[in-house]
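Below you'll find only one chain, the form predicted alone, shown as structure tokens.
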Amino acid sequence: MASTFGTLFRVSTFGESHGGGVGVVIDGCPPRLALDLADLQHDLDRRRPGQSKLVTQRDEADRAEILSGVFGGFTTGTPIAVLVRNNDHKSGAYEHLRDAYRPSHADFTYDAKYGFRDWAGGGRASARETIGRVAAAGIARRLLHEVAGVEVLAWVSSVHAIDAEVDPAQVSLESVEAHPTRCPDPDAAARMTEAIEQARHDGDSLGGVVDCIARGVPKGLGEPVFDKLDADLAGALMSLPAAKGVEIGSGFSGTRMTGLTHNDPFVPGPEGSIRTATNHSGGIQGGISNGEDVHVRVAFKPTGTIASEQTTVTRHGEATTLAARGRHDPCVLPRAVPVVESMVLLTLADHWLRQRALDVLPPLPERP
């Protein structure tokens, strides 16, 4: 099913941007995990519209309702259903799109696939669909923290041509949330703000890159060949609206290195553990986590919906022009941060459960 993600920790999102609501059903969460609405609401608040002048001004509180799967403050092991109701959708602002295709949007391709599309707000192609992912990831975050002490944190590392200078090892939630851009470099954040505001003034939009690091990931997560951890992370992150590229570890910059400089030497760690001296692999080798920080980067294109007039065609192939109306993000990056975290969390939670399934076997004999 196109709206379902995961093998053991399975999430199925539902709803449209201008429907009654959006949400998710989570299946496979273990029982007896302490959970309340605050675990979900924190990141929903970070994702919601209207939180600063840099994002869309759609006025949605995005308050989550847990409909099932939680009793007395603990998960029961049964499916968890979460609903967020839509309250401030203004479908009339999209009436002019009934017969016209927005450039670089999903309008044309949805019509090509289904022969029908929801033109009000983009339907399932709207980034509002990610609410279900973020709500589910609140449960995954709680699970991973409880069982392994995993911390997943993302930040904006570039907007257009503005690059932040950030040491991933030093980034904290407080430094990310200190500025509306969610860039922990104050100087770069100020310049990003100016660029985003100028793009909005010009009826244009900007893209950029979100970095994400997962600390405390247990070694051994991931499957050989087709279900490699990095492959699943790449697929999860590329499923996000406006995502156009993913790097793991050194990514494309690794092509400019030699094997001697790119290889991560093994060294003795504390208490007899094994570590790597560097982390060009991004915490994943052979598709399996090695215990180092998992580091990914996601490239987001400029927002497809802009206020400037553009040439396009109608669904009948007739040339026309259009300029978007309504409320739109001039740059998706600030609100993409918790969504990137969510897909990393969902992927790690699924692979943790898959690895746990192997651990039910009795201990094997010591190797000779």
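Don't overthink the numbering: it's just position in the shown sequence, from 1. Only a predicted model underlies this, so the values are computations on that prediction, with no experimental measurement involved.
Below, we refer to the form predicted together with a further copy of the same chain, which is not included among the displayed structures.
Engineer: At 4.5 Å between heavy atoms, is residue 301 in contact with a further copy of the same chain in the predicted bound form?
Structural biologist: Heavy-atom contact with a further copy of the same chain at 4.5 Å: present for residue 301.
Engineer: Any chance residue 310 has a heavy atom within 4.5 Å of a further copy of the same chain in the predicted bound form?
Structural biologist: Answer yes; at least one heavy atom of residue 310 falls within 4.5 Å of a further copy of the same chain in the predicted bound form.
Engineer: Please tell me whether any heavy atom belonging to residue 259 falls inside 4.5 Å of a heavy atom of a further copy of the same chain, as the geometry stands in the predicted bound form.
Structural biologist: Residue 259 belongs to the contact set for a further copy of the same chain.
Engineer: Even though a further copy of the same chain is not shown here, does residue 115 get within 4.5 Å of it in the predicted bound form, heavy atoms only?
Structural biologist: Residue-level check for residue 115: yes, a contact with a further copy of the same chain.
Engineer: State the residue from 213, 166, 150, 240 whose non-hydrogen atoms include one within 4.5 Å of a further copy of the same chain in the predicted bound form.
Structural biologist: Of the candidates 213, 166, 150, 240, 240 is the one lying within 4.5 Å of a further copy of the same chain in the predicted bound form.
Engineer: Each of 8, 102 and 284 having a non-hydrogen atom within 4.5 Å of a further copy of the same chain in the predicted bound form: is that the case here?
Structural biologist: Yes, all three are in contact.
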